[in-house]
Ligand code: AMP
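The chain below stands alone, shown as structure tokens; this is the form predicted alone.
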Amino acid sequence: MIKLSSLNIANRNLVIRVDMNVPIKEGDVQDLTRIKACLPTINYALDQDAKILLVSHLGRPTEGTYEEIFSLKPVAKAASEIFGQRVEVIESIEDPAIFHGNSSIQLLENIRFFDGEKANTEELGDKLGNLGDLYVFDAFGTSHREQASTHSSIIHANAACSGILLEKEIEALTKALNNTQKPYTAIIGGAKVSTKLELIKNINSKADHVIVGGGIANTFIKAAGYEVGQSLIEESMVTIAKELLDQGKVILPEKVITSETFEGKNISERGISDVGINEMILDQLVSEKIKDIVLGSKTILWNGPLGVFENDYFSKGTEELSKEIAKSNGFSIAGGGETLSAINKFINKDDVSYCSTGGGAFLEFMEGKDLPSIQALKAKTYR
């Protein structure tokens, strides 16, 4: 794979695919982690007087349609402060101002506003890949998707390489994948079992313990025969969850936090056998058993919170878990946007051995899967 750090890019025009899919509330970016993660590549390019056009997606807008709620303008504002210079927003791939604006850094509007992104079309891929002198892929978090900006663009670019963040991700995760020390504990949270079923199955075959959180945990609690009331679960996954439970590695919570509404009506602490039919499980507390498992682990993989931690009523479990991981002497590796947000909210990022910017890509890489973007980069030769 050709690496940006090995190239002379003095005075070149670079199109850099980054992952700035960040949480935004009322026009303000809530978590700057993914923007800051781009700094090594940005600084390397600026130090060589290169001009930069950044490409990113944000959320899930209707393809081909501009939706203000998914605009990257708030991201450009935050990035301007982080990068120390104005980041101009470019509305169209056809804009003649690309690489000719008043700033050395430009940001193309949400790539998912453009027809052909999700379909991985050759037309959009060719345009993106050859807008500049070099196409730099630095968005590890999207490397598992075959889309125009993450796949077709690399294939059709006259010249393409990996960015510095991607190099770092591959190096760190490869080390973790090939040198996993036991006991190995995986913590998998999220809304649905179905979206992470294969991941859970694979991790279940490798890890000594699997701690489940969020809606995923609710489905497992249901599979164990407990009442879950109005909690988010997947009925179609209950049988599969039961099969995984029977293998003896999945650890259920002992106590949960329930409410009748997401806003916090009638909040209660319950044993998992005491949840009422009108209640929702919105957080889970960290039991002494889980604390002992985490502190005794030599490898910890963490993807996903235990509860709706954005709401302070339901943040205790994720906060407790964060602090236990921070105390661990094992190698801890965390990935996923919500996981990084939790780390930034509750502990010092340096207390986690490695924080990956990827979510799904992070887990698929840790399973040993070949990711489309990385495969495409490996096939490129420098001309």
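The structure presented is a predicted model; accordingly, all values stated were derived computationally and were not measured. Sequential numbering from 1, following the sequence displayed.
Keep in mind the form predicted in complex with adenosine monophosphate is missing from the figure; the text below concerns it.
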Residue within 4.5 Å of adenosine monophosphate in the predicted complex by heavy atom, from Ile281, Leu166, Ala148, Ala79, is Ile281
Could you spot which one of Gly129, Gly215, Gly116, Pro253 gets a heavy atom to within 4.5 Å of adenosine monophosphate in the predicted complex? Gly215
Name the stretch: of 245-253, 80-88, 108-116, 184-192, exactly one has residues whose heavy atoms fall within 4.5 Å of adenosine monophosphate in the predicted complex. 184-192
Using the partner position in the predicted complex, report whether Lys196 sits within 4.5 Å of adenosine monophosphate, counting heavy atoms only. yes
Against adenosine monophosphate in the predicted complex, would Glu320 count as a contact residue? Criterion: heavy atoms within 4.5 Å. no
Adenosine monophosphate contact at Val308 in the predicted complex, heavy atom, 4.5 Å: yes
Distance check, Gly141 to adenosine monophosphate in the predicted complex, heavy atom within 4.5 Å: no
Adenosine monophosphate in the predicted complex - contacting residues of 225-239, heavy atom within 4.5 Å: Leu232
